[in-house]
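Only one chain is given next, in structure tokens, and it is the form predicted alone.
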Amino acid sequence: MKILVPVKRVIDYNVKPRVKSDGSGVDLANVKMSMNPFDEIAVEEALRLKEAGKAEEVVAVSVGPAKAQETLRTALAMGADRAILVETDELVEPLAVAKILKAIAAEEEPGIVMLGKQAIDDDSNQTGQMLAALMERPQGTFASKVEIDGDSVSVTREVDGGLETVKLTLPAIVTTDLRLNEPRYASLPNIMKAKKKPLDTKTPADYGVDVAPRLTTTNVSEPPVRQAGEIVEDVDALVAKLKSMGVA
């Protein structure tokens, strides 16, 4: 079985984003970029399934600018077998990404498409679900545990009331949550080996997908500064304060 793992290049989670002076978006100039953490978890899980003998090949794919090759090389250094970059300088929305992934999946015929449940830059949480709908495949979202048994996969999902387990017939779509695993660090020898692993470059046009944005961002601004808290003497003072604020 083959596992296809889409990964996205985003601002590193340790970096505080800066808004452009004109409010048109987030400033990416001279900002450290890295693999989306949820996608990193997806890569790790795919590699663990391969190491357990449940899969034969792990293919990483990314949709983005030429610099997204760095993100794919990270996936290759972790252990992915090969990578595909669909290069575009456009800001690609989830639906366009899902359409591209559908076309790639039609060529690669993976048993599982495993991706992070959301990207930390836009928090859309849409690509996996859209891909499942376009491909008419079963989906297991917010996975905290993945187990393959023959021609099916059991996915334990994190839901509001606790945990839910669904059994999906392969091929299927799985989106990963934070508690699924702890991603490995790429060793120096594997980083060197990754430079020689195959990385194919395509364009959205190769798959017949129009990536022109359907949404327009009107303004981006910093969140308001939080007001300082106030310490009260006792519960009565707290209740009185809440009433004066119209909370209680």
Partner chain sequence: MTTLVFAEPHGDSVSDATLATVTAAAALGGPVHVLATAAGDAHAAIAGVEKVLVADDAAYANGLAENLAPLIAGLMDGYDAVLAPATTTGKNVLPRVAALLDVMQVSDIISVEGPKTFTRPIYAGNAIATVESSDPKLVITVRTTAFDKAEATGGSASTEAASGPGDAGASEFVKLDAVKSDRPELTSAGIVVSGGRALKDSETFEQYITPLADKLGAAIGASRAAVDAGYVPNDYQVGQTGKIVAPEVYIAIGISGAIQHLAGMKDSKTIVAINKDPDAPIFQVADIGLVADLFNAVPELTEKL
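We call the rigid core whatever largest set of C-alpha positions still superposes within 1.5 Å between the two forms. Numbering follows the first chain given and starts at 1. It should be emphasised that the depicted structure is a prediction, and the values quoted were computed from it without experimental measurement.
One more form of this protein should be noted, the form predicted in complex with the partner chain, which is absent from this view; the next part is about it.
Undergrad: Would Gln126, Glu136 and Gln139 all count as contacting the partner chain in the predicted bound form, using a 4.5 Å heavy atom cut-off?
TA: Per the other structure, all of Gln126, Glu136 and Gln139 touch the partner chain.
Undergrad: Check Arg214 for me: does it contact the partner chain in the predicted bound form (non-hydrogen atoms, 4.5 angstroms)?
TA: Answer yes; at least one heavy atom of Arg214 falls within 4.5 Å of the partner chain in the predicted bound form.
Undergrad: Is Asp81 a contact residue for the partner chain in the predicted bound form, using a 4.5 Å heavy atom cut-off?
TA: Heavy-atom contact with the partner chain at 4.5 Å: absent for Asp81.
Undergrad: Taking heavy atoms and a 4.5 Å cut-off, does Ser187 contact the partner chain in the predicted bound form?
TA: No, Ser187 stays farther than 4.5 Å from the partner chain in the predicted bound form.
Undergrad: Is there a non-hydrogen atom of Leu242 within 4.5 angstroms of a non-hydrogen atom of the partner chain in the predicted bound form?
TA: Yes, Leu242 lies within 4.5 Å of the partner chain in the predicted bound form.
Undergrad: Based on heavy atom distances of 4.5 Å or less, which listed stretch (81-89, 67-75, 117-125, 100-108) is in contact with the partner chain in the predicted bound form?
TA: That would be stretch 117-125.
Undergrad: Residue by residue through 226-241, tell me which have a non-hydrogen atom within 4.5 angstroms of the partner chain in the predicted bound form.
TA: Heavy-atom contacts within 4.5 Å come from Arg226, Gln227, Ala228, Gly229, Glu230, Ile231, Val232, Glu233, Asp234, Val235, Asp236, Leu238, Val239, Lys241.
Undergrad: Superpose on the rigid core, then tell me if the C-alpha of Ala240 is displaced by 2 angstroms or more between this form and the one not shown.
TA: Superposed on the core, Ala240 moves its C-alpha 2 Å or more between this form and the one not shown.
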